[in-house]
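In structure tokens, the next block holds one chain alone, the form predicted on its own.
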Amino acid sequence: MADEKKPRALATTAAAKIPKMTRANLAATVRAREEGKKVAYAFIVCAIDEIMRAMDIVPAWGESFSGICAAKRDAEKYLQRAEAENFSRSLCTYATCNLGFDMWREELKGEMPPDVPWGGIGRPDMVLGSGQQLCDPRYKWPQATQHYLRDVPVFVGGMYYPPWDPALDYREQEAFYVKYNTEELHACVRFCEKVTGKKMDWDRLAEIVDLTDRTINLFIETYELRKTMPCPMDTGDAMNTMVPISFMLGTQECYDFYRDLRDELKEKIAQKQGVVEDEKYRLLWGAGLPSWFALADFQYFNSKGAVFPVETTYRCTEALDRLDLPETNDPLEHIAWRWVRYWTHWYDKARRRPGSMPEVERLIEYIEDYKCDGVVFHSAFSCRSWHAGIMLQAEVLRQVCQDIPVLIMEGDIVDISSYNEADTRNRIDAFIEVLETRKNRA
């Protein structure tokens, strides 16, 4: 019989603040019309956060809303609405959940569907899409939204970066991609100016970009405190504390949150307080969005003495001194350089290790820096764009780090019908046994 689940002894108080912040984000989209503000459907890690903040556009985060529906185990009714319109279950369930909600709200003439989680999300005045080069739904989701919200204009960018090719020198390509992305961001500004009827305040944008830079550096400083043993915060909390950096970037509230989290972690470290009382195994959450309806799986790992001091998911930024960004007076060009260099700054390491790749170099770096004993991936069946490379990453990692145990969990981000708790816990138990065997052999 599996061990009885035990709650984590020391979750952060910062993570407990997140539901209130998320509710406030949703509420802002609902009351925006009364305040004379425009609402934009937006997407996580879109590189246009500062543009929206500088123009007083209220972002309505579809992925966040779908994640909330999943966490509340209340997404099924929206997924079924989308299915009735011939959207397959195998499509991105962030998208289909949000689309099902949009369909229902339109049927109700703009009124919220009954019993909507946390008050629902406001109807947008525009859609600001960003494909990140890798996410197909980021291009098609806005198009599908416009089919049901016919009066809502759409802007979709790509935010491209040089592809990984060990035979090519990415430095020769960076300037081209930065130029393209900068022009794309300027096009986004022109689009927003047209929809809102107001001009960009470039001085305000520069101030917000500077605030974002300082927030990014603070975020990395805070998360690197988790290298300490015992670990003061794990991925279970990080799936909550990612909300400000992902959905509130460019705001003072976001900066203040990570300042407070940093101070809390420093206090825990000073008192030698860890996530679990007896830290036996340190694990890397190697890739993949979590099953939002099954975040208790992290507590199950904790009950086995396993803690996640680091994750790649939602850590989509890096300390700016490491990126060596060129000087520029154009805040949009700065954003473009920050975006491109985030992806390329692992390329040199990958070129020096035959058979490796940038994503794996990132994993190796975290394994070494955070002293991890194993790696856990989560492959979500409906999120193919982001999760398709997980099997390859795991295989390459096994080749270059032959003794590192790897667990690949399977499920989905929103669709709870994909989840089997007993099977998941059995696989975790088996993985823990592998870790224990390796530990005893060392």
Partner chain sequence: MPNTDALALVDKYYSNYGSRARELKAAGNKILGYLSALGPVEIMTAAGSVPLRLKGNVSEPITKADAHMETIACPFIRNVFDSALKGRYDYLDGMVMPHQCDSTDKTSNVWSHNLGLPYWHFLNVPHLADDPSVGFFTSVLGVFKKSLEKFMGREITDKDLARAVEAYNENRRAMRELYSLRRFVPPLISGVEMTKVLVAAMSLPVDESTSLIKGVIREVQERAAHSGATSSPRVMIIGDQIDNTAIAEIIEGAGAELVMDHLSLGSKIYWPDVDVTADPLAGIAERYLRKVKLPTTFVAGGDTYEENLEARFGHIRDFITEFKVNAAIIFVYKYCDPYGFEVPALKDFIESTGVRVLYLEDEYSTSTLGRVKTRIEAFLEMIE
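Nothing here was measured: the structure is a model prediction, and the numbers come from that model. Positions refer to the first chain, counted from 1.
What follows is about the form predicted in complex with its partner chain, which we do not show.
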Practice prompt. For the three residues Arg73, Leu79 and Phe301, verify that every one has a non-hydrogen atom within 4.5 Å of its partner chain in the model of the complex; reply yes or no.
Written response: no
Fill in: One residue of Ala206, Val156, Val189, Leu225 in contact with its partner chain, assessed in the model of the complex (non-hydrogen atom, 4.5 angstroms)
Val156
Worksheet item: Just one of Leu249, Leu265, Val310, Cys135 has a heavy atom within 4.5 angstroms of its partner chain in the model of the complex, so which one?
Response: Cys135
Worksheet item: If contact means any heavy atom within 4.5 Å, which of 395 to 403, 64 to 72, 32 to 40, 46 to 54 contacts its partner chain in the model of the complex?
Response: 395 to 403
Worksheet item: Is the gap between Tyr161 and its partner chain in the model of the complex 4.5 Å or less for some heavy atom pair?
Response: yes
Discussion item. With a cut-off of 4.5 Å between heavy atoms, is Met357 one of the residues that contacts its partner chain in the model of the complex?
Written reply: yes
Discussion item. Since only the chain is shown here, I'm wondering whether Val58 would be in contact with its partner chain in the model of the complex (any heavy atom pair within 4.5 Å).
Written reply: no
Worksheet item: With a 4.5 Å heavy atom cut-off, would you call Ile390 a contact of its partner chain in the model of the complex?
Response: yes
Item to complete: Within 4.5 Å of its partner chain in the model of the complex, which residues of 172 to 188 have a heavy atom? Give them in sequence order, or say none.
Response: Glu172, Gln173, Phe176, Tyr177, Tyr180, Glu183, Glu184
